[in-house]
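Only one chain is given next, in structure tokens, and it is the form predicted on its own.
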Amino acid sequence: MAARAEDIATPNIDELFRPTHDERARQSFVSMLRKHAIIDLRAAVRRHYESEVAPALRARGAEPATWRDIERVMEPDPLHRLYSTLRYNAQEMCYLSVQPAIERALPEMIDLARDLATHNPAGGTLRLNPQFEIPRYLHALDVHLAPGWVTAEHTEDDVAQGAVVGFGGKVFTGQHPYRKRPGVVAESIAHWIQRTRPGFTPRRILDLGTTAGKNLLPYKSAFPQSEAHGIDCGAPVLRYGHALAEHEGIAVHFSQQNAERTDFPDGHFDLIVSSFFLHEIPLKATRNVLRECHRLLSPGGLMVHMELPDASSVSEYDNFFWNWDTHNNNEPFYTNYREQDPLRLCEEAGFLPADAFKLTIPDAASFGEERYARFLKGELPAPPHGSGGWFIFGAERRG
């Protein structure tokens, strides 16, 4: 039985993050600036394209046919340049805005993480490999413009990147001042599984690219009988995630592993999940990961990945919007991944075509049960990905 959070005397590692008044003000400003760019200016750019740019091109017989055509037209456009400039700089500032408070708290954070890794009051584990080889595609770039991303280590037993990615992500998603609960993707997928597969009771769950496990812990709430595992290549985020889970009284088994090839036995998991992961690795690695999922799934097991919608699932203008990150957000594999058919990728990995799926599901926390019931009946579509919905794909393993 997992320990209760109130029975664990140690503080939550997140509580050691104590920004000053001015630091909080800076984080609030950055969060609102990014919101203005990604929501308000994004909408303004689309209106400008649809009401002015496209009609003018159409009148000259030169209307763009593909997202690349749209990109060529819009890159020099002043409004789009303003949008891109604000979005890029706000993105970068999200992570920079939390660093001073993290640097002050880092010695205390490290001591707490070490203590929890030694005693494991909730029964979880942390398994790191000092000889682990981090793939170049992870350490060569500051993905998402986050300095050091998930792998950089600045001192012994470092947890800094766990805090930087975690708190910077909260500023990034507008969760400042940190009141909203994390893990909404996992909550939504777990809700969808429970509603569509009421008898499904996984014994073991594996989260790929788990970072600090924020989209793993909700699966333990949904399936409390399960044994939860999270793997990542970054030791700092795993140390941080282990400290969070132990304080919450949730037994999670974190291990430093490459999802392309793990050390788990065949058929070890009944549910394999990931969130925002596959588009950040090369396509060759994605294929390896999906083949590994096929190997690791038990008969009757389920694989579900929350990902960016593939190019064929959205409009050419939406493809132009989504692929902005390829050149501007240190995510060079973004466009190539999105040009693939997820169903075909599942088939290549060994899953039967009839057992694969892709769809957009509603955000469970905001959609409402009455509307969700109508969605399940096919009477109501899910909101678009990123606007109240989540694009998912995956497959079941029949045998």
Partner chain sequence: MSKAPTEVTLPRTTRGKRPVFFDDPSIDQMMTFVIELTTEVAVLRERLDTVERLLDAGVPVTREAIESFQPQAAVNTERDAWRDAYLKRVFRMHPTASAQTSDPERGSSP
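Owing to the predicted nature of the structure, the values given are computational and were not obtained by experimental measurement. Residue numbers count along the first chain shown, from 1.
The same protein has a further form, the form predicted in complex with its partner chain, not shown here; the description that follows concerns it.
How about R46 - does it come within 4.5 Å of its partner chain in the predicted bound form, if we only consider non-hydrogen atoms? No, no contact at 4.5 Å.
Looking in the predicted bound form, any heavy atom of I134 within 4.5 Å of its partner chain? The answer is no: I134 has no heavy atom within 4.5 Å of its partner chain.
When the contact criterion is heavy atoms within 4.5 Å, does T20 count as touching its partner chain in the predicted bound form? Within the cut-off, so yes.
Is S84 near its partner chain? Define near as a heavy atom within 4.5 Å, in the predicted bound form. S84: contacts its partner chain in the predicted bound form.
So if I measure heavy atom distances to its partner chain in the predicted bound form, which of the stretches 310-318, 126-134, 98-106, 251-259 falls within 4.5 Å? It is the stretch 98-106.
Please pick, from P282, G183, P147, G267, the one residue with any non-hydrogen atom lying within 4.5 angstroms of its partner chain in the predicted bound form. Contact residue from the list: P147.
Listed residue that, although its partner chain is not shown, lies within 4.5 Å of it in the predicted bound form (heavy atoms), from S221, T196, T155, Q225: Checked against the cut-off, the match is T155.
For the stretch 51-67, I need every residue with any heavy atom inside 4.5 Å of its partner chain in the predicted bound form, listed N to C. Heavy-atom contacts within 4.5 Å come from E52 alone.
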